[in-house]
Each structure stands twice: as C-alpha cells, then as structure tokens.
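Listed next as structure tokens is one chain, alone, in the form predicted on its own.
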C-alpha cells in the first residue's frame, strides 16, 4: 500500500484481517531471507531502527546497522531472536546502511552476504563467516571484488554450484552502473540514469561464486525477464519490471526468479530453464502490503512451500519500521504460484 494511504488505515482492523502476524515484536525486522539448515528454519532479516533520518526516495531513512538472526523449529512455531550476529562497526570497509542480507551453508560453514555503503558512499556486498547459522559472523576485510548495489540472494543449485543474485534501483544505485563504472553525478536523484520508459528495464545481476563462496567466479550477468513473446520487459512496465529484492528457488525442475517491483509494491516472478535465465514473467506472488517496500524469500519445509515477507503493521505504517511474517504458498498444476492477498477482505 502506498505511503500516502497509511493515514487512512484502521490498523486494529488491518491486523485482524492480516493472514499472518509478526514473527517477533520486540524489534523491527524486514527483508527476510529464509533457509532450512539441519532441519530447522533460519531467517536472515535486516534490522530496522528509528535513526531519525528524514524519509527520501534514496532510502536514507533505512539506517540499519546490524543483523539479528531468527530461528524457528517449524513455520508454525515461535521465532527466536538469537541476538547480535554482526554490526557495521565490525566491518572494516563498511560505513553504514546494512540492508537486506542472505546466507548460505557449505561444508558446515555458514556465510552471511550483506550490502552496505562503503566509506565512499557506494554500495558494495560483503561476506562474513561463522561455524554457526546464527553467528556471530566474522567479516572479510574487503567487500567482494566487483560487487555493487544491494540485496544479495544466494542460490545453491543441485550440482553444488552457488550463485549470487543482487541489485536494486533508486537508492540501491543499480542504475548508476549502466556503463560498468559508478556514475556519481546527480547523487540526490533516485531516477537519474534510468532507461526511458520505452527502453528495456534494468536487470538484476547474477554471478556464480568461487568454491570458497568469497568471490565472484565470473563477471556478473543480467537476469533478463521477458514477456510471453520473449521481449524484455520495458522500464515503463512498472507493475512487472524488476526493482529490487531478488530471490531464486527451484520447483519441479524449473528455476523461479522472484523480485519486488518497488514503487508499485508487488512481488512478482518469472520462470526459466537455467539459473541465468531468461525468465518468462509468470505473475504476482503477493499483492501490496502496508508500507512502502516489499521484500521476500521462498523456502520449502517438510514438503510445503512458504513465503517469508514483511509489512509495516507492527509500527502502524511507519515505512522503515517493519515486521517479518510467513504464509504458505501453493502452485497450480501448471506450476504457477497462486497470488496471495496479505489481508482478508
């Protein structure tokens, strides 16, 4: 739901109609990346705080500075906050804005991938490691070489390869990398350097990771989303084009790339035959939630599939103070995800 509609909402009624409730209420959490490790669900969210920064389209009010990992025995059980896992002050290259993270496991070691603004004001993606899925995590001294923008999402394919998806426009700076180099002109404009409405939309990026999961094994490639005729989605197609919040999962042998449309507040997805795509647009996963952004993850647990997402219901609509939620998703016989309304009528 757009920011300007929040003052019209009856939040007592909204929370009664919500299909799910916040997983934790003692802190504000958002952007949940959920994985099953050793039979248990671990959720890697960002940690919203009220830093007093003014709202702007560059996301300056999202001033997150640390991570708390949540764990659940099942999607129906109580979520546990496992405490501080990593703080920006412990990351040598990072200055601020520890935004949406993700995690992976390999050979009993756990890897936390996170974006942050470096001291030069440019978003990079870093890695921190731990022997426990809940940390504490020890960061690498430098960001991933060649990384940029935000919203890392890690996908482990069945052949043991790991891929990192990332990128976000506006405050996520993806549009500033169109030439392969960071363009720092017009820093106060979130729409500077975007394609024209009749040009192909900007794409998320994907790169296979090295065996130690610490670097890119290749130059990042575009994650192309196309329509049913095979044409790239256009920048003016705001209800379908990529904005931020990449996620990848596999269902019945097909690759599902899902993402947020940002300023139009949908979670959408495309289906492809390769982790690189292209992905044919297939529909909406989630209708708009209260609050400005939508960000999610999808994971399987005991044969059922679940969508982890957030809204701003806990803070009664404060955009940058969100709460993580979970609900089951279902597929039809053609493998299409059934669209979810986050609030009952």
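Given the structure is predicted, the values throughout are model-derived calculations rather than measurements. Residue numbers count along the first chain shown, from 1.
The form predicted together with a small molecule exists for this protein as well; it is not shown, and the discussion that follows is about that form.
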{"query": "Exercise: residue 311 in contact with the small molecule in the predicted complex, heavy atom 4.5 Å", "finding": "no"}
{"query": "Exercise: residue 155 in contact with the small molecule in the predicted complex, heavy atom 4.5 Å", "finding": "no"}
{"query": "Residue 286: touches the small molecule in the predicted complex, heavy atom cutoff 4.5 angstroms", "finding": "no"}
{"query": "Residue contact check: residue 64 to the small molecule in the predicted complex, 4.5 Å heavy atom", "finding": "yes"}
{"query": "Selected contact from 103, 100, 267, 204, since only one has a non-hydrogen atom within 4.5 angstroms of the small molecule in the predicted complex", "finding": "100"}
{"query": "Per-stretch contact check against the small molecule in the predicted complex, the hit in 33-41, 301-309, 287-295, 274-282 (non-hydrogen atom, 4.5 angstroms)", "finding": "287-295"}
